[in-house]
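Quick heads-up: it's one chain on its own, the form predicted alone, in structure tokens.
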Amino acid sequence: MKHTLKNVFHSPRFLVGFIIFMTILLTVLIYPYFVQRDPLQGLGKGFLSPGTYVSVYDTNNAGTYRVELPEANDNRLEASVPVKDRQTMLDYLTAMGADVSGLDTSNENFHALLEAWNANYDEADAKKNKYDGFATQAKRNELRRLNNRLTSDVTAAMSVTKGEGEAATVASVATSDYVKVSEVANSISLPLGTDNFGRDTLTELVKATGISLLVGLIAGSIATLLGLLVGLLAGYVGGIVDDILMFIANIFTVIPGFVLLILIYSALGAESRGITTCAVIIGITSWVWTARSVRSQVISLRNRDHVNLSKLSGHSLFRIVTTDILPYIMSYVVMAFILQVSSGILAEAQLSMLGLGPNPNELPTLGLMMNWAKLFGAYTSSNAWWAYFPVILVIALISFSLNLMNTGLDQVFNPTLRD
């Protein structure tokens, strides 16, 4: 056993897959101890991009510090002009025939764009010439408001009111006044922003990864045990038992497994689609290929000398199967289990993408997160990449690591694949 484990962990493929999988698993186990937040708790409304959010209300009660940043005014001006307005500036300059070569809406070229705007924009000229795309009064008013914002003083001081009623005081806030985030009473870091429900995507992703791994583990265990039991009986006993079991397996083979999974799962009500139910149904529809593979392995072993010796010694069927056959195919069973876990995770994700996944009011899964991102336009209108890309990456990493581990085991136990 020790020698076998040593050979397994000397396989580069298995080792890389094992490290990736254990990293994901440890993250799932450790993260809740540091961030004790309900993964289904809404923190806001709609998609919020990744970043640190600070309460504006509480910044008034935090101490201020004088900080002079050389690029502060430039950054402030860049932040005040969104990409949409920059595109309007570029379109107007193009329409009036100005030289816009090398100009775009990026921060790197913003100051060049601003210089070109200041040199060419004139309100009277825009009204007189009615350039293409800016001929209406509404468009010219938009240009005028944009120009007023561009020429306004970004260094003007602001006034804020602290307190309420008679205790209220008015304080001036200069551009050089800064607050420490650690001193603000309420702030939150959202490394992956929020989803369409305003829920912390990272916390939800970690929880969903753990639930999906649990689904894969349960489904893989059921499918492997069923396949192992059917394969051992059909392969060793043979005869009418083999015919009956293979007839059942053929029925499952004729109907595609995923179609059968959809038919069974869709027959259940939405409230009955729990995590365990999902895993069990995936397991009982995924055992066929394991059973066929185990059966073929057992058939090649049942007439070996040590098996015949056990038969002559009067050993029971159970003892022969468990002591003389099962140990010889355990490496294959382990590899089959790894693939079944991976298949279970992917099956749940596919079901959830079709809207047939577990009850969304209970716990999140990777498939449910993908479904929510699809339903609420994270791919298209919102362009909220943080709501779906990390989920795709986690699913890909789990499948990749498990398949890499399986390939490494196959390389160790299959003599034809050894270097």
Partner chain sequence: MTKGMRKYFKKKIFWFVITFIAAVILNFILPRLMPGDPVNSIVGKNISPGATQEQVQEQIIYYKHQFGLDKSIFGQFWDFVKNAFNGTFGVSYSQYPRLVSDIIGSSIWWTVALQLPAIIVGWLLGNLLGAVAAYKRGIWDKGLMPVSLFFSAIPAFGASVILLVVFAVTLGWAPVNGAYDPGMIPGFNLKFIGSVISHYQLPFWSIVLISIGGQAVGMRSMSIYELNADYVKYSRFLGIKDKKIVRYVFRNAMLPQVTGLAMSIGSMVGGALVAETIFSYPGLGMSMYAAINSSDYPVISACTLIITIMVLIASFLLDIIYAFIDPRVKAAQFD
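The shown structure was predicted, so the numbers you read here are calculated from the model rather than taken from an experiment. Positions refer to the first chain, counted from 1.
This protein has a second form, the form predicted together with its partner chain, left out of what is shown; the following refers to that one.
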Note: its partner chain not shown here; in the model of the complex, the stretch from 257-265, 185-193, 208-216, 102-110 having heavy atoms within 4.5 Å of it is 257-265
Interface check vs its partner chain in the model of the complex: of T322, N250, S300, T277, the one with a heavy atom inside 4.5 Å is N250
None of V67, L29, V35, L354 but one has a heavy atom within 4.5 Å of its partner chain in the model of the complex; the exception is L354
How about V56 - does it come within 4.5 Å of its partner chain in the model of the complex, if we only consider non-hydrogen atoms?
no
Against its partner chain in the model of the complex, would S11 count as a contact residue? Criterion: heavy atoms within 4.5 Å. no
Exercise: S80 in contact with its partner chain in the model of the complex, heavy atom 4.5 Å: no
Please check if N60 has a heavy atom lying within 4.5 Å of any heavy atom of its partner chain in the model of the complex. no
Near its partner chain in the model of the complex, with a heavy atom at 4.5 Å or closer, the residues from 349-377 are A349, Q350, M353, L354, G355, L356, M370, N371, K374, L375
